[in-house]
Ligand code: 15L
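The chain below stands alone and is given in structure tokens; this is the form predicted alone.
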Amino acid sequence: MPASRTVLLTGAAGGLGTLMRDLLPGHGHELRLLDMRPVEGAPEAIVADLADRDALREAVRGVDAIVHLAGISLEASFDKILAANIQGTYNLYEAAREEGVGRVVFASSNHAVGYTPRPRGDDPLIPIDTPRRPDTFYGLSKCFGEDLAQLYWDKHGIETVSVRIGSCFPEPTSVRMLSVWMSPADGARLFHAALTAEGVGHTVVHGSSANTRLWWDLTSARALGYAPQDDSEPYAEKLLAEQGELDPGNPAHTCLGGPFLTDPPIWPY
């Protein structure tokens, strides 16, 4: 697939959206920004809610692809998750179908498989086809998004790369995050690969950097042309000195979903 000329970036005012709106243009993508609140420094951005199907259809009109980051990114009540992450994602795919947009990059999450035990010792890396085990209503919404992407590929021919993002921040903030961290620069590299790889159908990939302490397999991401260049290890000494090693008796340390498994979830994660 040729490099996309125009990409709709939803959730452009959010944390990840802010990072990507600065980095993706460096990979040759012209961005059209959308969020439910104004985007600082971007007066031309579209301000619209995912519930507004007319606004979504107008927003996707004429774009080559969509990077869908919008929605609630932490646990919330089921009703809120239903409206923003489930109904909202459906509305976006319908707009894409109606306007003939052929490629979506969907921000899925490690929380779609959050109850998957983390590897220990010589255990193999977690494969991309590990059974889904959502840890929250938020994680459940990401399972729905992946299934919706599969349906729209099989039924309507819209290609999607679902990226199960670990944690994408300027630097990791916890010992757990050393294993699932994706640097912003690697995030942009992965989204670029997802936008431009040929024949993706519906492909699910893990989203992280090439961390020394990596928990999951990046093979399907590398198959798109993703070549991660960063590693969380330079941050390890400081974080371990502050927080200590992962505790096998702590539910936030035993499974992929981390503190989302605690009740209530512990922030930040």
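All of these numbers come straight from a predicted model, not from anything done at the bench. Note that residue numbering begins at 1 and tracks the sequence as displayed.
Missing here is the form predicted in complex with the named molecule; even so, the following discussion is about that form.
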Exercise. Does every residue of Arg133, Phe144 and His206 put a non-hydrogen atom within 4.5 angstroms of the named molecule in the model of the complex?
Worked result: no
For this session: Indicate whether the named molecule has at least one heavy atom within 4.5 Å of a heavy atom of Met177 in the model of the complex.
Result: yes
For this session: Please run the contact check for Ser109 against the named molecule in the model of the complex: heavy atoms, 4.5 angstroms, yes or no?
Result: yes
Exercise. Looking in the model of the complex, any heavy atom of Leu151 within 4.5 Å of the named molecule?
Worked result: no
Exercise. Would Ser167 count as touching the named molecule in the model of the complex under a 4.5 Å heavy atom rule?
Worked result: yes
Seminar exercise, completed: Here the chain appears without its partner; judged in the model of the complex, the stretch of 119 to 127, 70 to 78, 153 to 161, 193 to 201 with heavy atoms within 4.5 Å of the named molecule is 70 to 78
Exercise. Hey, which residues along 247 to 263 are within 4.5 angstroms of the named molecule in the model of the complex, non-hydrogen atoms only?
Worked result: Phe260
